[in-house]
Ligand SMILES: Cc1ncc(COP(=O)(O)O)c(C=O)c1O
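One chain follows as structure tokens, the form predicted alone.
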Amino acid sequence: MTNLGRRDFLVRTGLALGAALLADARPCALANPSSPQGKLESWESIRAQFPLSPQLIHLAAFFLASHPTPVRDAIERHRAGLDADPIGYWVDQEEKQEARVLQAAADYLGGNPTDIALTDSTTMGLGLLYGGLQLRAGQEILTTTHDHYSTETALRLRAERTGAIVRQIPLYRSLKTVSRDEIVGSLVKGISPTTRVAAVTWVHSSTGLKLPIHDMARAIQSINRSRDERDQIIFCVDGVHALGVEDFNIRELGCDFLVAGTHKWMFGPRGTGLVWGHPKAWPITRATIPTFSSQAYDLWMENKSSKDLPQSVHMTPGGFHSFEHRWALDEAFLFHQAIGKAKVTQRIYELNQQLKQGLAAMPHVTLHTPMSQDLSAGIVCFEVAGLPPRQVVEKLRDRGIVGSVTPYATKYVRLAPSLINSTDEIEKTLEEVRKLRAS
């Protein structure tokens, strides 16, 4: 069986029989969805792509996305194929659909398909990346005191397993006075001769602060120029609240790894995510879950090594996934591309500025997210005098406004305008916040 590929083996042994039964349904099941171009000319038409309740103002869509029409249709199309003939449809579609997803992601990011590993979430991506880091004795991982549970826990678990050194530093003293220079300066000051990995979060879901990733990357690159290649700092970024908001080209951004779920701002299928890695950076990490890549699997069947495959291939976990969701992910990237990345960023910025300026003008509200878009993205955090954040969120919910509470030790009210919102909705939200008073 050394010359028999995995799919050939499945087909020839009869396990994929029944594909012919899909002959009548397949043209419908495999037809490309109609392009959203022409249907997304206004913000109202974009909002109409989502089956969100019109009775609510949705300002927590960043938590878990509603699927827009192209994504929803693609999920149902793949689900129908899998339900009609699970193995036949999988054999016929798995390789080509995953390739489509990788290409769409690469086109959106500005990288190459071989730079990307597919995951189920940001947390999975962080766990895979940080859990597989290859460090020499004495080398350390530098992170911050502002990072999410997933980053902190992934690094802690790795330290417990391997004895790796993990060190945390603050990047600023106060949100009221934070600046790009302070953040970059704090990072540079925190780097030691033994720092091998720097792990940060691009947009903090705790405060809405956005880090100047490009400036931080340039500072790290400057330090790396005087280091041996084996000691150069690898810059890792949790980018989940920047992907789908910020207009960037991944190769120009300057980081070595970007990890993000695609079921938040990208409006991708729930349970999808990715890890992008620079080709020169991928060798620092090793896979912990076997991949089901057809290339790796076929080489295994032929008793050949797969070590020459891109590391991103090995870093895409195998096993059976929610294939109808993963294979529909390309539609999320195409949806954003159809609107236009710059247009998406501008719209989110405009809505967030409207919200922040309105909140800042209220004497009973303390705005914590920086006003400048250089230091903020799509998340706005604030407090209402005399009212616990949970109570504020509940009161707003009673009035048809959906927000959330930051899941951190220090809690704030959190609202996040996105493409599904209108300026009228933001103004209505501000009116309701004005009415909130401690009893």
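None of the values given here were measured: they were computed from a predicted structure. In this text, residue numbers run from 1 along the sequence as written.
What comes next is about the form predicted together with the ligand, which does not appear here.
Candidate from His336, His325, His241, His314 lying within 4.5 Å of the ligand in the model of the complex - any heavy atom: Of His336, His325, His241, His314, the residue with a heavy atom within 4.5 Å of the ligand in the model of the complex is His241.
Using a 4.5 Å heavy atom cut-off, which residue among Lys356, Lys210, Lys264, Arg196 comes into contact with the ligand in the model of the complex? Only one listed residue qualifies here, and that residue is Lys264.
query = Would Arg347 show up as a contact with the ligand in the model of the complex if we use heavy atoms at 4.5 Å?
reply = It does not: once the ligand is placed as it appears in the model of the complex, Arg347 has no heavy atom within 4.5 Å of it.
Report task. Tell me, yes or no, whether Ser205 is in contact with the ligand in the model of the complex, where a contact means a heavy atom of each within 4.5 Å. Result -> Flag for Ser205 set to yes.
Notebook entry, point to check: Can any non-hydrogen atom of Asn352 be found within 4.5 angstroms of the ligand in the model of the complex?
Noted result: Because no heavy atom of Asn352 falls inside 4.5 Å of the ligand in the model of the complex, the answer is no.
Review point. Looking at the partner-bound form in the model of the complex, is Thr143 within 4.5 Å of the ligand by any heavy atom?
Key: Output for Thr143 is no: heavy atoms all beyond 4.5 Å of the ligand.
In terms of non-hydrogen atoms within 4.5 angstroms, which of the given stretches 361-369, 228-236, 285-293, 255-263 touches the ligand in the model of the complex? Heavy atoms within 4.5 Å of the ligand in the model of the complex occur in 255-263.
- Message: For the stretch 102-135, I need every residue with any heavy atom inside 4.5 Å of the ligand in the model of the complex, listed N to C.
- Response: Contacts from 102-135: Ser121, Thr122, Thr123.
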